[in-house]
Ligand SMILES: NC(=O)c1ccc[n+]([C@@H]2O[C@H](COP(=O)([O-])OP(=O)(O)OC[C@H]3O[C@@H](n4cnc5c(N)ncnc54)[C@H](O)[C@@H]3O)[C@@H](O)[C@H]2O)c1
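Just the one chain here, laid out as structure tokens, in the form predicted on its own.
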Amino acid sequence: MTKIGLLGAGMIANIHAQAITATGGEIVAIFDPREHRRDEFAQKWNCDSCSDLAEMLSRSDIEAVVVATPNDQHAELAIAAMRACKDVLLEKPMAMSLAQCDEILHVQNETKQLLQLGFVCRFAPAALKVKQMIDEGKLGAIRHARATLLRQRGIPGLGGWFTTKEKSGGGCLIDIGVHLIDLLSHLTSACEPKRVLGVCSQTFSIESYEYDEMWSTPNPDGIFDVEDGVIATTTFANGITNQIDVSWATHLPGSYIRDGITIEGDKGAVWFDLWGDSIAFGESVDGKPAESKVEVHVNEAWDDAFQCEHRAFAMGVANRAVSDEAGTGEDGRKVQTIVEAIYDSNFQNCEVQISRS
């Protein structure tokens, strides 16, 4: 049983708490500077409420922590936890910059603590099945992958930290885009990113956006200085191209543009809804096109993915190595490299080269 402390008591921390308890872990304590949120969490999950970070990290009955805070706190908290000899499950994005990623990796190498990135989409049942199909050679050599995720009205807490670049580091790209960048790279075994072409846009404003979902109503006095849409293509050293089309908000109803992931190889191709229960598989049989549907066992895909992520984390803590399916610190740095290149490409209005670092 992994004994875990949580840093941050917001929505994502509660999702992690549910997965921890469902997979046999123990929530020992919660730290959050907001007393009311911290105490509510402690009461709900029957754990200690810690008002002091250093005191929590010094506890011998906590062997690992989950960092589930706003993005601008990720590097500081992950580093503090590893220096306190705690293994870390670090929510995405890894950090606010490549420099911070490198600092995290330096401390991880120095302390030898386990560092797993919170790329939970890797553990969606459909994604796990597609990875198995690719590893079995059913698609052949992968050529291209694309992912579409468009919300009609899904800006998270417009006017809050999510839409304030100083605290978030960016908009929909660094929020949900990072999941797709990592997932496509993981599924296709895309190696070193070489070139990126990206376009970012902000279609809505605090004044023009009508709240529909995503946690909280807009704050009319808040900040919205990040993108709500991005389209980007990354070309890797092994010739694979990965494309994402992501938005927090659009004018079109969701039924007009179907969310999903396509992966094309020289022997076959798949399309799947990340949270769905089947995969469309196309191939050639005697030179003629053939298609089939691959069923995927799903209970509740979102819960399944988080529980699988925490089983992998517990295994990593026990075995002292990040499991093969999970994201490493190096994976987090690669995603940040691509994110920064997309922002740079948008700023320069051209494709940009990524130099080896």
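A quick note: this is a predicted structure, and the numbers were derived from the prediction, not measured. Each residue number is its position in the shown sequence, starting from 1.
The same protein also has a form predicted together with this ligand, omitted here; what follows describes it.
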**Message:** How about residue 87 - does it come within 4.5 Å of this ligand in the predicted bound form, if we only consider non-hydrogen atoms?
**Reply:** no
**Asked** Are any of the heavy atoms in residue 162 no more than 4.5 Å from a heavy atom of this ligand in the predicted bound form?
**Response** yes
**Prompt:** Would residue 45 show up as a contact with this ligand in the predicted bound form if we use heavy atoms at 4.5 Å?
**Reply:** no
**Request:** State yes or no: in the predicted bound form, is some non-hydrogen atom of residue 22 no more than 4.5 angstroms from a non-hydrogen atom of this ligand?
**Result:** no
**Fill in**
Among 100, 108, 188, 71, just one has a heavy atom within 4.5 Å of this ligand in the predicted bound form, namely 71
**Contact segment among 130 to 138, 278 to 286, 89 to 97, 222 to 230, judged by heavy atoms lying within 4.5 Å of this ligand in the predicted bound form** = 89 to 97
**Request:** Could you run down 293 to 310 and flag each residue that has a heavy atom within 4.5 Å of this ligand in the predicted bound form?
**Result:** 302, 306
